[in-house]
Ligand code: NAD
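A lone chain, given as structure tokens: the form predicted on its own.
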């Protein structure tokens, strides 16, 4: 008997969880449920991430977590439970299948059938932010080779298991050449190991535009964290309703399943919420734990319910729906259809296996790493970069010279434009005089010189070359 952890959540969460559990139990699948409390009550009880240590223990023991939507209180330093859970449990892959259910759910894209696989732990969602000057804050974008390899290999393995014909990768590496550039390079490397699957790379902005216009040209998409969060909602919405999509968060040990929508407090307690998103997340959970027959039974019953026109208010259409039903009535209709299959919509077939083994990350041989300089970020309220440069040049050492000053990334010295607007946040680059490696002592001397000149250093980034190749960006305009 398999034990799973459940949480009823906030807002409409308890209502849709009750409906889903009723459907699960009606299949006869042999599961036990350990319930925990998370979300708003846990936040207000003093748990800043919305979950108690005891609840963590239950999730880690059972390894599988079915979660209803929760509410994160505004302000007060509360951290997102979803983000915390994904990172704490190494749930590196967010999987969101989205399909159109034409002609029963209104959509402009009747042939849409896409899976979005989103990296779940890195990127801007690392949540590392600082205010550095009175006028400027920063958020660090972190991309690692292990993170890229795990999510991209998972995407290709998922494509093999689910007979997907093509994997598309979206990045913005024409601008972020180091971070998104790494994701793109790893994608191209791993794609070579799967010659039977087509692959392509696109820049995220035009890719999203084409995705919204002609989604039938895409099959499976793998993306870094932030882009995945955005495009998965775009894809879900253009199927006809964002409320229909389920989501899986897959890790090496644990997995979490949920609807992609929020807690919808505006309709909480009215009994009219659509449980379909959480139900489709449950189907993914059942496939994951090997209960593929129960998963297929529920999926086909749900599709038959859509065909029969039993629709909740969010998808009800006067011309296409037979009757408007509430949450409980919808669940009862799904239960009544267990054992039946849809006649028009594509019939769900049982998977041979709900999961697959991911190889352990193998660290590569370490490259030669040479220190070539430093970017010193300075809080300076002046507006003339030439005046700042004069002060900074007094900091130079025998082995380093000031080579560039940027403001918000754009080069303002040497030969900057008078039209460029400058704030109080300056990146001041000191590089090796002869383009050869320098010692850490040179960095220490530069910072000591800055202190003696009363220059307010707020952040530093060492500039490295790996195997002789510079691994830092140029200033915009260089």
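In this text the structure is predicted, and so the values were computed from the model without any measurement. Numbering follows the first chain given and starts at 1.
There is also a form predicted in complex with the named molecule; it is not shown, and the following applies to it.
- None of the heavy atoms of residue 429 is located within 4.5 Å of the named molecule in the model of the complex.
- The shortest heavy atom separation between residue 70 and the named molecule in the model of the complex is within 4.5 Å.
- Proximity of residue 147 to the named molecule in the model of the complex falls outside the 4.5 Å heavy atom cutoff.
- Interface residue remark: residue 309 is not counted as part of the site for the named molecule in the model of the complex, having no heavy atom within 4.5 Å.
- Taking 282, 225, 274, 305 one by one, only a single residue has any non-hydrogen atom within 4.5 Å of the named molecule in the model of the complex, and it is 274.
- Among the residues 127, 382, 367, 265, the one placing a heavy atom within 4.5 Å of the named molecule in the model of the complex is 265.
- Here the chain stands by itself, but in the model of the complex one stretch of 368-376, 162-170, 290-298, 265-273, 265-273, has heavy atoms within 4.5 Å of the named molecule.
- At a distance of at most 4.5 angstroms from the named molecule in the model of the complex, none of the three residues 220, 239 and 348 contributes a non-hydrogen atom.
- Contact residues in stretch 11-44 (any heavy atom within 4.5 Å of the named molecule, taken in the model of the complex) are limited to 12.
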